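In the block that follows, a single chain appears as structure tokens, in the form predicted alone.
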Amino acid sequence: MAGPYREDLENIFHYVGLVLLALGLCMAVPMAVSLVAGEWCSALDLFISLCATVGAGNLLFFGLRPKGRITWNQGLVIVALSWLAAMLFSALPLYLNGHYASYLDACFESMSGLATTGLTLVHDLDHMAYGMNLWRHLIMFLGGQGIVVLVVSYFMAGSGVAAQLYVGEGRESILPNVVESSRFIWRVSLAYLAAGTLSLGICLILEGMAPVRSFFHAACLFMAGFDTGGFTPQAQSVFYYHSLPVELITMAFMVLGMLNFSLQYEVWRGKAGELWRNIETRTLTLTLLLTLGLVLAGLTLAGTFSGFASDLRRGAYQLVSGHSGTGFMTVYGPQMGARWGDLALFALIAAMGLGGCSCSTSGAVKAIRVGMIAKDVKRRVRKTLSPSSAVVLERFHHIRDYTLTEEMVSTAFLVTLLYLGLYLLGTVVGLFYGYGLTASAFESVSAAGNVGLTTGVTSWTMPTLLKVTYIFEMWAGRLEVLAVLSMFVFLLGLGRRR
């Protein structure tokens, strides 16, 4: 292999090793919980996995030395490979614990957690050990903030490679320094974690749950809600609690999770007016209201529930859950697929495909791209109606004022088309295995948009190729496709140089 290309590989896998080191150290948290709870088998599973992950990380990080500054392309490949490596190693304790039919199912679960999707193939979740259940939610919390963001925040202060990795994970700069930006994300997330765990814990205690169990459930629900992940400690999702206060609190954190961290930074600085001026929040408000109207109309036409109050409670919750990319459910998946009607399901598919804000824990196309495309349509209509010599400009506000450019629009269109391609991929594979068009499209958009709502297609009995397809969709969707394409281009170049 050519010398320069070998240096590329050494640079890339050196930093992949650092990500694995950080991931392995995180396993100590659920292992400690298992030890305190007397769950010796789970503690052993986590200890074995911790040793394997830290060992592999040490081998790569200390065995390979980076040569020179890494390029932007290398940074994208590092991010893409880091997520695959994190999936493989975070799946180890899940598989060893015996709640998954195969290692592939455990990898599906870990990628679903890391990508904050929430689709699950777990067996007997209601009897899973506390430590292992916490690990499911912790990898989702890490993935929501970004596992590479974690490394940038606490292991790479002053490193020139930090910016490449930070942007490669689909983040935008909040502060002038990317390390400070990533640390701000973690500070905000941990502050919300404390507030969310406390509020949900008190709520569950008032509902009659034992204190220790209530705060465990509260922490898991917060991590899944704010990180728009969708995992829950119980198999029935949020429906298990039969609690309107729990639904309202989790809905509030889902909305926070779908908002841009830069926007939240401005609000924390006292600039609340940014909420009303920002193109993302305006677009998001409009798409939420439009899709909610369609969901309620669909439920009314189908006669799914007993009246408008029930339609609003169930419909609004599933809609916010889908649009934010969370995947919490207060209905049974098969019931939703059979009784909600095509109009309501179509509205949910549209909401899941649109997603939340950029630089948030939400996935899919993102509101800023939808807003820019809408602005471009408006500009073109105005241009058509104006004299041929007129120069028509369109402006928008996102933290600061911008003039819409052709490059912005073309990039928004490109990413949107890539997502549509991902949605189509899973739909075609689902149709190949005999699932209906609505069910296939719903599940594919849920996977690629990192949502987690299901009509019952996702289960441990589904075909292996469909599992692999959904894993790919969750991975590519979380990294907004570009990092994944960069990795494939890099691998093609590797093959040509041999």
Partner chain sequence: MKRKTCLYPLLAACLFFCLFLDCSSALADGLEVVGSGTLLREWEKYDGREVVFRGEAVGDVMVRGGYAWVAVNDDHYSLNALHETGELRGGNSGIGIWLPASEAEKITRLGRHGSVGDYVEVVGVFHADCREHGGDFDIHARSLTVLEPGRELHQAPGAGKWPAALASLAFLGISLIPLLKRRAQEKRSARSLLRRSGWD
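Residue numbers count along the first chain shown, from 1. Being a predicted model, the structure only gives us computed values, none of them experimental.
What comes next is about the form predicted together with its partner chain, which does not appear here.
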| query | finding |
| --- | --- |
| Candidate stretches 379-387, 281-289, 232-240, 219-227 - the one whose heavy atoms come within 4.5 Å of its partner chain in the predicted complex | 232-240 |
| Contact of L96 with its partner chain in the predicted complex (heavy atom, 4.5 Å) | yes |
| Partner contact for D342 in the predicted complex: its partner chain, 4.5 angstroms, heavy atom | no |
| 4.5 angstroms heavy atom contact with its partner chain in the predicted complex for Y433 | no |
| Distance check, Q335 to its partner chain in the predicted complex, heavy atom within 4.5 Å | yes |
| Residue among L319, A106, A129, M372 with a heavy atom within 4.5 Å of its partner chain in the predicted complex | A129 |
| Option touching its partner chain, based on a heavy atom within 4.5 Å in the predicted complex, out of L465, A32, C41, L437 | C41 |
| Interface residues of 281-318 toward its partner chain, as seen in the predicted complex [heavy atoms, 4.5 Å] | T304, F305, S306, S310, R313, R314 |
